[in-house]
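Below sits a lone chain in structure tokens, taken as the form predicted on its own.
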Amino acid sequence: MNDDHRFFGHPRGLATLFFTELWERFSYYGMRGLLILFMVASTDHGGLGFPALKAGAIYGLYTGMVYLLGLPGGWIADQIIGARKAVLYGGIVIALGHFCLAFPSINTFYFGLVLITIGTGLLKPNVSTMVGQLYAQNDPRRDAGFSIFYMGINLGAFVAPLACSYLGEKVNWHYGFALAGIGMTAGLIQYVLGLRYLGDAGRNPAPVSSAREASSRKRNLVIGLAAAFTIVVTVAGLAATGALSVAVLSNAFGILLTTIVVALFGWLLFGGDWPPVDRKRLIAIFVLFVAACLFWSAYEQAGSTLSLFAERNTDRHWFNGFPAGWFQSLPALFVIMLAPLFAWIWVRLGTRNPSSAAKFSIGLLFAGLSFAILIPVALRAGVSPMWLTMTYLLQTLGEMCLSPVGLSAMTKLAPARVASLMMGVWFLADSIGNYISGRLASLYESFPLNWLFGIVAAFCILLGLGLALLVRPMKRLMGGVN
């Protein structure tokens, strides 16, 4: 067992990873709080002057790619460079992306978004992997260590919109983006200074069993880099000539996501020589995956549809007109407040603890209610900030029922030989949810807002009720896993 107890009873390396993740989330949520507002702001006010249709498509494409690229990012770390270097290189690329956004040029804007997606794909999955590697397999501190790490995520997500949105909306959009880059740079500096505390965590890729496997890794790397270079050059060339519009790219990404889901679950559910218990559990994973996609499509509208509602429909005269992006600090604040309460509730319930399917159902119902309460005020201007505050509170209640439960369920239900792949499936659900949230924001100016909120609410509530009816069949599919 690791006898290092220098960080609140945990290994000192946890502090390094805690602050790395805190600053990375600061940069991500700080930039995200500005993104769609900057795109729809008029050029007279320093924005890009995009209609919501175009801005929503870009937002969905960007946020969807951020989570989708976690799949190859994890593979690169496992097979080629190790998690430690992946986090370092990813952080550098993220910072460069934010600093590109600090320049008032449409070319640097798009290039910055591409860099941030690539960098986040490298950093996000691998920093979490290293947290686990700080502890021995049977170390009782492991779960508490992840809880501390999760707090770093939410601290960064809470502070970022307050700082970056104020600077971006009140002073200059590009100053806000630059502050996000400075935050990532601060995280990189402390990460490099703290590397010595990580021990062997993430130092090397997975060991090879033979020279043939080592040669195969090198070949796959060359093929992967060549394919990536070809794709980037082709897309950039088509975009530069005007042959490839944002709408075409966004639609193509939607088709890509659909293809991945069909191929992946087609293989999982209908291929392979799974034992009956594993096949049933894979069906349960698919049901939870669909529920997670819908939940995240509602929850992630904090940075898209709800951000536009905060800017255009909400009364913000308090504090001399506070920035619309400040609302995006509320989910993180509520998580910090509610996470200990929910942890206590689940333990307190003991044998009466609801099953994973039941908790998913409750999470979807909260997500639906969060939009349902906005329907009466959707077409008004000068709406009280308490409406959005209640929306974010309900969404966070849903997140507490679904997000940590989903991560746990994936690890318990996944067959051993695809355990890592199932974690990628969870990120895929987040990618799809983010993409859908952006496409819904595209309708903000062309679709009655009360109908838009009503459709989101109806889908979440109906699926939540449907999943509630399936709780008992789901228990049988899950084969003893709660």
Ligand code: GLN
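Residue numbers here begin at 1 and follow the sequence given. Predicted, not measured: the structure shown is a model, and the values here were computed from it.
Keep in mind that the form predicted together with the named molecule is not shown, yet the notes after this line are about it.
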(message) Each of 29, 67 and 124 having a non-hydrogen atom within 4.5 Å of the named molecule in the predicted complex: is that the case here?
(response) yes
(request) Specify the contacting stretch among 292-300, 109-117, 174-182, 267-275, defined as having any heavy atom within 4.5 Å of the named molecule in the predicted complex. (result) 292-300
(request) Flag residue 399 as yes or no: does it have a non-hydrogen atom within 4.5 angstroms of any non-hydrogen atom of the named molecule in the predicted complex? (result) yes
(request) Although the named molecule is absent from this view, report whether residue 25 comes within 4.5 Å of it in the predicted complex, heavy atoms only. (result) yes
(message) residue 153 versus the named molecule, in the predicted complex: is there a non-hydrogen atom within 4.5 Å?
(response) yes
